[in-house]
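Alright, two takes on the same chain below, each alone as structure tokens: structure 1 and structure 2.
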Structure 1
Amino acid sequence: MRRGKLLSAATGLAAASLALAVLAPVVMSDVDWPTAARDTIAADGYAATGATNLVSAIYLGYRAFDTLGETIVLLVALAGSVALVASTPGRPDLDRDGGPADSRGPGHTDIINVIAGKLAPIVLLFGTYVMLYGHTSPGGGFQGGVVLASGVIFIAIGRRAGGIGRISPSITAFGPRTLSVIEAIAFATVLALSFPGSGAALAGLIEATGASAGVAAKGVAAVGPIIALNIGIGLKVGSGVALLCVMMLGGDQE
């Protein structure tokens, strides 16, 4: 038995080093990184998309369909994880009489009780900022969504700990049901924005209401669709990831 284990470990190591021997010439190649794409985007990116953050210009302007596909990957993976977590029988969280798992475990100190609830609004505010201003400063839908999810997790931890700053589950807007509704609506928004022409229609609508009057210079594409996509992706990523983590923390029993 022990010999077999050693043998399989040795075989594994040999396979890994062979794979690395194939990879090494690729990684260590002397070819210079091409500059053509960088030059094109630095010259035309702002005029074509209206976003001054070139990373946002690429993943929501030039490659928005790629981002849509990536959002679908995210949706499928999170849906699979949530389904597996929810359907697994004999969860230890439920076995211990009532109450979520470690609300009285040794790991819960006063520091967590005090900090978690109070930190949540600040983190949520920062996440909203990162999400809304992704077109001009570092940030965007994915980053803002993940920070928003951290804020919701702080709320869940603070609620579980029953410490200062907790929010009663009956009035909170961050239960699993609400989160899944938000995720569905945000994903529908992203899908609707991905249809051909809907971005231009949105830009025209914003221009007609005069909301962006005088913001966009002549010959620069309106940035409205990018902001809308940022918000949609941010809410979708944030609520999806937060839903998974809240269910993992045992928040689905309330």
Structure 2
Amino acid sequence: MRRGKLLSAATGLAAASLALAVLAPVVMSDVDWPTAARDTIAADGYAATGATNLVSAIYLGYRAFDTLGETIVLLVALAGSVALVASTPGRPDLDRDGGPADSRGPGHTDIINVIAGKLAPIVLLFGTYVMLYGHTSPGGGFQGGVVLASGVIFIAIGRRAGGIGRISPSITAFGPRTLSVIEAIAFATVLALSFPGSGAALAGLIEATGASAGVAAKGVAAVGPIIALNIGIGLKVGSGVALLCVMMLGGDQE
């Protein structure tokens, strides 16, 4: 016991020393903080990206590669978590439709089924709004994706007609296979839109399409890449988190 405490104390001391070594030059330096990039973004961010939410303008208009890295980190974390859940013995039994079995304990009642079923479309609608309007208000792909995942989880808890989101014996909404496909397509979209020049190409396409239809689409074209990235990130985050939670509920089959 004493040896364990000494080891923990030594580990904590080492971590604190490393943190101090990293932060000390930053805190004690007399060099002023660089302000050129900050001032440039503050002055030109709105006009350059078309977004009225400067946070979205920065992390999707100026830091798309960094956002792509965050998406990849989430993808790796979810892949590892899904693999662990899939290999864990003793998960809840499945019914013949691939959804969690009805016998999930006395706490799961018809009241929960009904409330979850009623809340699901409302949560999905709100998540869609947060995802689509992240360029004008607080929100965006990451936040909207988590809300969308919550809506899918409500569907999974409610079970509707038997399976996870099962509409009929032949149609299943938000099953594991469907969520995996959505996640793959969304990640490919984010990957494509994160490369230099892709945003300008999309903006040009939107503007040309609007011109051919006789509509002035310059404002929409400017913010179009940010909206597209928010949609891709939202669907990627939502489907990935929902897939993990659905599997934890026991629905690892379609």
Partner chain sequence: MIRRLLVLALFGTGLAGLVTKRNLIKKAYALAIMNSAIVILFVLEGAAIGSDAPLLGGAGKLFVDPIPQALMLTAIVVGVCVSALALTLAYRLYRHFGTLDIDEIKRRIGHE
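Numbers given to residues start at 1 and step along the sequence of structure 1. C-alpha atoms forming the largest set that superposes within 1.5 Å between two forms make up the rigid core. Owing to the predicted nature of the structure, the values given are computational and were not obtained by experimental measurement.
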Structure number of the form predicted in complex with the partner chain: 1
Residue shift check between the two structures, rigid core fit, Asp39 Cα at least 2 Å: yes
Ser29: Cα shift of 2 Å or greater between the two structures (core-aligned): yes
Per-residue Cα shift, Leu13, between the two structures [Å; core superposed]: 9.9
